[in-house]
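Here we start with a single chain on its own, the form predicted on its own, put down as structure tokens.
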Amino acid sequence: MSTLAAPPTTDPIPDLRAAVEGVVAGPGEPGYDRAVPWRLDVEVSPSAVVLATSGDDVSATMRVAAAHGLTVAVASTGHGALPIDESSILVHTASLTGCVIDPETRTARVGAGVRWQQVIDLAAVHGLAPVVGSAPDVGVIGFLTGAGVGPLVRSVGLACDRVRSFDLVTGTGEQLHVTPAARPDLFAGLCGGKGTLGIVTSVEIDLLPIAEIYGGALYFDGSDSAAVLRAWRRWTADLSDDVTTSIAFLQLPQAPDVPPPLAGRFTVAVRYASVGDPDAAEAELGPMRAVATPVVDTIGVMPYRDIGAVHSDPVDPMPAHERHTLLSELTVDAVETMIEVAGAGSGSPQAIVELRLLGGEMARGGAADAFCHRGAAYSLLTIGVLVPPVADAIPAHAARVIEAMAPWSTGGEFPNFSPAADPDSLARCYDEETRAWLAALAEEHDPNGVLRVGHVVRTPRV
């Protein structure tokens, strides 16, 4: 919901249609349904949807919104959707689909409508790879502006550490080419600041010479989940930085895309991804393979283009409830608490309760940015699907998991893991100093408050 002081005055649609080349759709008109996000539980009902075809369309939308006292939100896939009402215009960037790979410079120029799998596939032809997240079906820009924690984060760092430039439209409609040299303050803010500083229409990123990884997942029966989690804690204490791993308690439904050995039962998955020598990676995995007999073992050498199989995140839209926190350590007591509140026999209604090992290259860091949690040791995430008969139980149980793990929590959250617009959540995503300079920079480039909607850091208005 927007926080502009001036209420909407007149219908913006005629002015939008006169100003932009892309389709402009009001409620009930063709194209308006593009506003429906991947997160089906989120209510998105803007005054208009602009299917932008260029940065000029985005600029024009900013100016029309300011004239009508409206805010401007942005969406591509809708994975990180937040509620939007009629006080906002939604810019949909799915038509900005340019993706050009330069194998000589090992770079990619990517439009705001591109999903990661497209970049992965085009780069793989040249033996190159972008730094991606666990779900390659998400949009490139939203992932990067949230800093980008992926299945190789310990080995290659954050995805935003590989950005060369952003093409940005500010709240005033100004179009800027943002680089670390030319616009260091804006560049730093775009690396982790989500939509605070404007709408990114394209980005240039570095590609890495990675054609294959040693990765996949071990799936164990729920009866082994406690033993597997205890072993995973001990094992992660000494892992090389070549390895990134996570563990997840799973309760997957009976569905066509769920393997029969995993469907309709409690299982535990140990995800594993290594950029090191395959023989060394296999040896390092050995202690986890020895804990119990897996019901499914998908780990081996795989082409990078299949990296989504490490986590096997869902692709189809769903009503999902997520809670997230970061941990400073994972002690014996923390593990026993996890087993009690979320393990087999706990009565957990969550589809996924996940711990990710962090550190490595993420902790060492890159250039200046708005990412505030490089020192976190583990990430904790709960995901519940809001469907009967468990829908009503999911939010309260998720809160109980977070509360139970509070003794080991840093109090922080990753921007991409906890999309929210409320001040308390934003305070968990950014430290006080970062919030202050992000808010000041936002006021400088958006004095009319056109972008005061969604996950943005702004100075409160009185």
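Since this is a predicted model, take the numbers as computed values, not measurements. Sequential numbering from 1, following the sequence displayed.
Although not depicted, the form predicted in complex with a small molecule is the subject of the following passage.
- Note that among 73-81, 357-365, 117-125, 257-265, the stretch whose heavy atoms approach the small molecule to within 4.5 Å in the predicted bound form is 73-81.
- At a distance threshold of 4.5 angstroms between non-hydrogen atoms, R154 is out of contact with the small molecule in the predicted bound form.
- In the predicted bound form, F143 approaches the small molecule with a heavy atom inside 4.5 Å.
- With a 4.5 Å cutoff on heavy atoms, D313 counts as touching the small molecule in the predicted bound form.
- Among residues of the shown chain, L239 is not one whose heavy atoms approach the small molecule to within 4.5 Å in the predicted bound form.
- Of the residues given (G192, G195, G171, G384), G195 alone sits with a heavy atom within 4.5 Å of the small molecule in the predicted bound form.
- The partner is absent here; in the predicted bound form, the one residue of I307, A342, I89, I199 having a heavy atom within 4.5 Å of the small molecule is I199.
- The candidate spot formed by A112, A135 and N416 lies fully in contact with the small molecule in the predicted bound form, as each residue has a heavy atom within 4.5 Å of it.
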